Structures are given as structure tokens and as C-alpha cells.
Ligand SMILES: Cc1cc2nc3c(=O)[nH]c(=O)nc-3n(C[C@H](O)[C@H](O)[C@H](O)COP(=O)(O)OP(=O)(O)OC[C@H]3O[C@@H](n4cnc5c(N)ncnc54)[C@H](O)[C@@H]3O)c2cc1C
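Below, in C-alpha cells: the form predicted on its own, a single chain.
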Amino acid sequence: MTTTPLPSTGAAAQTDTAHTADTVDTVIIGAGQAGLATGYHLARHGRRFVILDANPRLGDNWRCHWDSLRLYSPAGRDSLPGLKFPAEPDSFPGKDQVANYLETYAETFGLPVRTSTRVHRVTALPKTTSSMPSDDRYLVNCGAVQFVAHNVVVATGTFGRAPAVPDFGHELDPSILQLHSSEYRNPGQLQDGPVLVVGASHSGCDIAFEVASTHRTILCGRDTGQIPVPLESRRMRVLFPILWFVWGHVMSLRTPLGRKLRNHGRLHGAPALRVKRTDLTAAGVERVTDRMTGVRGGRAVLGDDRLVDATNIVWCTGFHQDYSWIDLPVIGEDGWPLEQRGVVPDAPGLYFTGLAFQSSFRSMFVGGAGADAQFVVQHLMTHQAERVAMLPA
């Protein structure tokens, strides 16, 4: 492997760096379920690729979640292509089970994953005068190591990895312990005294329900709805195959309803899945449908004027996409990539996969990653064949 210092800005510097970088056909950024599924399909086509992940151990993007987190889909729907999820089909795997499955998946198929490799920047290399019109190449800069690739697949997370916390959070009294849901692990982290959970989507409901066993708990935020049937009930075992079909074929970009739901699904909270309103009431959670609107005197304000004396605040306010490291005009004003089922029309060879509602509502589930990755790889292979066909004989 050739290593070089970070390149300076400018086309000439990028070209010089490209001469000393490792050249591969495809770079996949992110070794979660979407990145690994993409690697699986590329390997079946005999392509030369590498999967880069910033975490020290494969699967750590799942291990970092709160301790009690379990999937919202049964194990029978959680498999990636080529390898069945190792659990009873009707069980709901924990986050460490998912992490270990991903690790086993990469080992089973010999996927070339490089951990502890953070991508700092992706740029398009300038074309030379002798370049063919379709000879697009990208420089993937990882600090001491760079890669040049004809294709880059970005698989860095369903909803993004950057915690979304309101700006007024810094105005809270310093004595209040603040944790984003990405930092929360269990109630033992919390101080004595009341807990305010901000955000009432499925993660907020799950965490509020758990915390209420040890702390007085208030859950605030608009009601995002709930699935009416208990997730782990016999009725759901019968209903889930129907839901899986609807999520993949009705709530899909191929239908007017699916296209309408896409923006709502990406920008607003998902419904409560495992914990229901009645569960919260039974656990003693105070449910407030007002949002947290600001801070007054160091305390949280709910709605117009309610002050909350909380000693802990858990922000279940989601994440946002941060693609500032992609130095290409391919991100929309809403922060989401300008893609069509993962294909970026204005940047041939650049792809995204693992996005929420990439092709359907099913895309956000582990078991939906394989189909989206397969579509991306099929397009990549077609584009590659067209590029090769344009090369001089």
C-alpha cells in the first residue's frame, strides 16, 4: 500500500496524489448492512473493491446503541443476501447479535473490509485531455492513505450519523446531564431526579419506558402514531408478512403513495413500534404532546410556558445527514443526496445505499438492505460496461 500526506488543494495536487494512491474499481464507504451487501454483490461479479469503515471493529455501528435495543423486525426478515440470520425466525435480535452477524457475514464471504479507516474527503479527479467522456474517477482521501476509484458507494447510515440536538441545548443549566440517544446506554448513566425525554418517535418511547423503571420520566413531542398490534404478539406473526409486502411494494417509489410518503419518512419521526401509549401510561411516564420549545432560566420549556425541573435530558431527536466531506454538488437543500434509488445522475460512478426510503419503506430495515444494494450494483455494472465499450480498441 502506498501512503502519502494529505494532498493540498487544486487540480494539480489531486492528480499528483492520484499517481501514488491505491487504485481499485470501487470504494464502499461504510461497513454496515448496506455496505456489506454491496460488497457481496460486487464480489459475485468478480470486481476489485474495498470497504472502508471508521470503527475499530466491524459491527461497532450497532454495538454503540443503548443496551436493551432490539430490532423492530423479526430475525426471519433480517438476513442479508447469502447468509441466514442465526436466530429463531420469530425472535427479535438484540443490537449485539446484529453486530456479530455483520462481522460473521464479512468473514464468511471474505469481504475486504478495512476498519479504523475514516474517509476525510471524496473529490472528482479532473479529466486529462486524453480522457474519454465516461472516464470518471474519484479520489477517496483517508488521511495517510488514498484510493482512486471509478465508482464510490456511500453507505454511511440510514438517517445519518450526526446527532441532531436543538441549538438552545447549550442554554440549559450545566448541572443538567444531557445525553443524545446515541450516547444513552442504560438508566445507570443518569443522575438522581426527573428525566425529560425529548422526542416521541420509537427510540424516545423505548428509552422513556425503560428509564421510568428507575426515574420519574416525562416524554415530550408530537404523537407520531403507533402500530396497533403488539410487535411480538401472535397476531403480529400473522400480520408481519403482509406488512413486509406493503412496505416493499405499496409504500414504494413505484407508487404515488410511496413517493408522497418518502419525504415524510425521511424528515419526520417514525411511529412507535414496540412501546405503545398504554405501555407508557402503565410505566408511569408522563406524556406531553407539546414540544420542547426553548430554555428559560436554565430549565426546559415545553410548549408556550411550561417549565420542567429535570436533572437529566435525553435527546431522542434523531440524526441528520452530514455529507460535507463529499466535495461534489450532489446534496440537496434538505441535506439528502440527489439520487434516484441510490444512483446519482449528475456524478456517474457515485452511488448511495442504505438510505431511508431508498426504494421503499422496507429500505430502513436490515432485511431491506440487500435489494437496494443489488440494484445499485446492477446499475454500476451496466455503467462500467458502457465505459469500457467507449475505450479505444
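So that there is no doubt, residue numbering starts at 1 and follows the sequence shown. Computed from a prediction, not measured in an experiment: that's the story for all the values here.
Missing here is the form predicted together with the ligand; even so, the following discussion is about that form.
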- Applying a 4.5 Å heavy atom distance criterion, does Leu52 contact the ligand in the model of the complex? yes
- Item | Distance check, Arg161 to the ligand in the model of the complex, heavy atom within 4.5 Å | yes
- Item | Val27 within 4.5 Å of the ligand in the model of the complex, heavy atoms | no
- Would Phe109 show up as a contact with the ligand in the model of the complex if we use heavy atoms at 4.5 Å? no
- Contact with the ligand in the model of the complex, heavy atom within 4.5 Å, among Gln321, Thr156, Gln146, Asn151 goes to Thr156
- Message: Exactly one residue in Gln97, Thr317, Thr117, Gln178 has a non-hydrogen atom within 4.5 Å of the ligand in the model of the complex; which is it?
- Response: Thr117
- Task: From the candidate stretches 41-49, 66-74, 331-339, 344-352, select the single one in contact with the ligand in the model of the complex, where contact means a heavy atom within 4.5 Å.
- Result: 66-74
- Residues within 4.5 Å of the ligand in the model of the complex, restricted to 77-103 and counted by heavy atom: Asp78
